[in-house]
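Below sits a lone chain in structure tokens, taken as the form predicted alone.
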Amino acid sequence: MVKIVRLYSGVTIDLLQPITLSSTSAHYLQNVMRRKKGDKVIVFDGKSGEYEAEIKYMSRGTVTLEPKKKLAEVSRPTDIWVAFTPIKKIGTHFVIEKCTEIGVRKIFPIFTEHSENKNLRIDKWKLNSIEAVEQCGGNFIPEIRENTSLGEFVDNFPEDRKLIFCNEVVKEPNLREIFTKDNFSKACILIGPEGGFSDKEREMLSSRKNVYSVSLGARILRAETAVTVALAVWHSHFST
């Protein structure tokens, strides 16, 4: 059985309206997956859902698809955001990939006092996210926001949303404990840098309304591990 290819369209999809793929997607379809004119693919736009499409035109570096039928509406995850301090290149790509696969709505890169990676390639992160969606079977692409400082992020944080501050120096409470005590249907998980938050930053966060300081366990986790653990606990509690 031939595996059907899933691709991001890059444009809003309308039934029977041709879609010209980007050169990257065209190369992937032609030269990696070896698809031919008349073959079926699944295409999604991250907004309206996903569709079965047929390859109508193919030449060197150019592929045109025609959406034939809608397969599913866009599947948005529960209302969770992630804010994290960018780390080394491979680690940051891992964070973006896992946030996308597990399911978040927005991703915020945050500069803190111990930030090491300030050479941000948000355009590249968006491509990483799209690739993750194509592979994992989803059809929703999280919004990746522009970088901001921790102070600015907290100052502009919505009043109707909880901020889950993953604090490496506390031993309790854990995530499951706080979920039983308050309404966390709209929340944001905050993960610090490899060197942790500074004392000043921890004091600032602890003084703010709707900020919940939590432990992720007895061990100090790498940033990319902390994101994965926190999201897994969140989805085990709130996803149906």
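Computed from a predicted structure; not experimentally measured. Residue numbers here begin at 1 and follow the sequence given.
As for the form predicted in complex with a small molecule, it is not shown, yet the points below apply to it.
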Counting non-hydrogen atoms within 4.5 angstroms of the small molecule in the model of the complex, say which of 212, 51, 197, 184 makes the cut. 197
May I ask you to choose, among 102, 154, 166, 133, the residue with a heavy atom within 4.5 Å of the small molecule in the model of the complex? 166
With heavy atoms only and a cut-off of 4.5 Å, decide whether residue 15 touches the small molecule in the model of the complex. no
Residue-level question: is residue 221 within 4.5 Å of the small molecule in the model of the complex, judged on heavy atoms? yes
Answer for residue 67 alone: is it within 4.5 Å of the small molecule in the model of the complex, judged on heavy atom distances? no
Are any of the heavy atoms in residue 19 no more than 4.5 Å from a heavy atom of the small molecule in the model of the complex? no
Heavy atoms within 4.5 Å of the small molecule in the model of the complex: which stretch among 184-192, 40-48, 54-62, 25-33? 184-192
